[in-house]
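The data below hold one chain only, encoded as structure tokens and taken in the form predicted on its own.
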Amino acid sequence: MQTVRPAAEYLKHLEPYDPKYLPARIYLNANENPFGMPDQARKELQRMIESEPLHRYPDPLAKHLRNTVAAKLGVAAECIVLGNGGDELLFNLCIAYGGPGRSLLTTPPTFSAYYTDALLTRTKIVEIPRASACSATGQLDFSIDEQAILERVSVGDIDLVILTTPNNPTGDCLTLDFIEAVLAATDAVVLIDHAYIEFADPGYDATSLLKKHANLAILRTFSKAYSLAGMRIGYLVAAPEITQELCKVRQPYSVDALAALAALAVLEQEDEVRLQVNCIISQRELLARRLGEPGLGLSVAPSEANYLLFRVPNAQAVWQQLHESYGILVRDLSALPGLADCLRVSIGTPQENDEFIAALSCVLNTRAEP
């Protein structure tokens, strides 16, 4: 046959996920830990690989890692589901709790995968947009409308709520009081996406609410603070009533043996991971000040994550010049609704951050010349 049957109709207007990955000298585009896996964890992983029977299928539930994570969080092992990165778990959640005739509430601008997963599972999206303003002090404001969210979920027709804290790409967090109010207002599954929670003030961690609310699910990952973005492993924490439904729809053997071993290795180096995280937090605060200082004077969104969102005139051209002239790759978000002229920069090493500021200053000063 010289023709092929068309794909499903609902894929017609779906664009493949594009992180705009390009070869670069300095990568500040994907919110990775710039310091990489702690040396001792890497050595331990190498040791463990030597005795791992890679010709055998892995434990489907990665029970050793699941038990370790459960003990770390103080929950039962049955409350943990591991996945091939947080992305697989998000998709599984939409399969289990979304679908035709069901609705997902989210708060744009936020992580684009939620929309893709909703479309693929035929789940209706209900949006409560964030603010998009700039304060008198030059800070960007992307706060959520708490009252509007509470009123909407109280209607009773929402099946799944995803609230991201810290939010990607804006960096802001939700209070536990608000999260608890949402949980009390609906029987929908409320997913708190905590992919970046290690970089936030501990007071924003919603884990303590799990014992009080059966409809709470929390998503966490080893990709960010734990430096395992290349291994693809994350986990979801929830009541067994939720995790058993996710186990029904998960792909078999989705967590490979090496990813599980790598996660175990980094969990044994929590002190070193915390040192890296503290350095990233310190650099985040310094970089935010430098972006807002005279000379650059850019509007920056306050962040509890390992990245900063800032607004710059002609953002797409600035992004391109940073890459082409200086080999520095950041994330261009300027074409997305509510994010006009916005770029997002991941926090790098001190040297990388210095080079980014120097390059950005040159780009902006050159563009300002008559």
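What you see is a predicted model, and the numbers here were worked out from it, not measured in a lab. All residue numbers are counted from 1 along the displayed sequence.
There is another form of the same protein, the form predicted in complex with a small molecule; it is not shown, and what comes next is about it.
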**Fill in**
Among 256, 87, 172, 245, just one has a heavy atom within 4.5 Å of the small molecule in the model of the complex, namely 87
**Request:** Identify which of 123, 92, 164, 227 has a heavy atom within 4.5 Å of the small molecule in the model of the complex; exactly one of them does.
**Result:** 164
**Request:** Would you please decide whether residue 193 lies within 4.5 angstroms of the small molecule in the model of the complex, comparing each non-hydrogen atom pair?
**Result:** yes
**Message:** Although the partner isn't part of this model, could you tell me whether residue 219 comes within 4.5 Å of the small molecule in the model of the complex, counting any heavy atom of the residue?
**Reply:** yes
**Prompt:** in the model of the complex, does residue 223 have a heavy atom within 4.5 Å of the small molecule?
**Reply:** yes
**Prompt:** Would residue 232 sit within 4.5 Å of the small molecule in the model of the complex, counting heavy atoms only?
**Reply:** yes
**Complete:** Counting only non-hydrogen atoms, the one stretch of 237-245, 257-265, 141-149, 108-116 within 4.5 angstroms of the small molecule in the model of the complex is 108-116
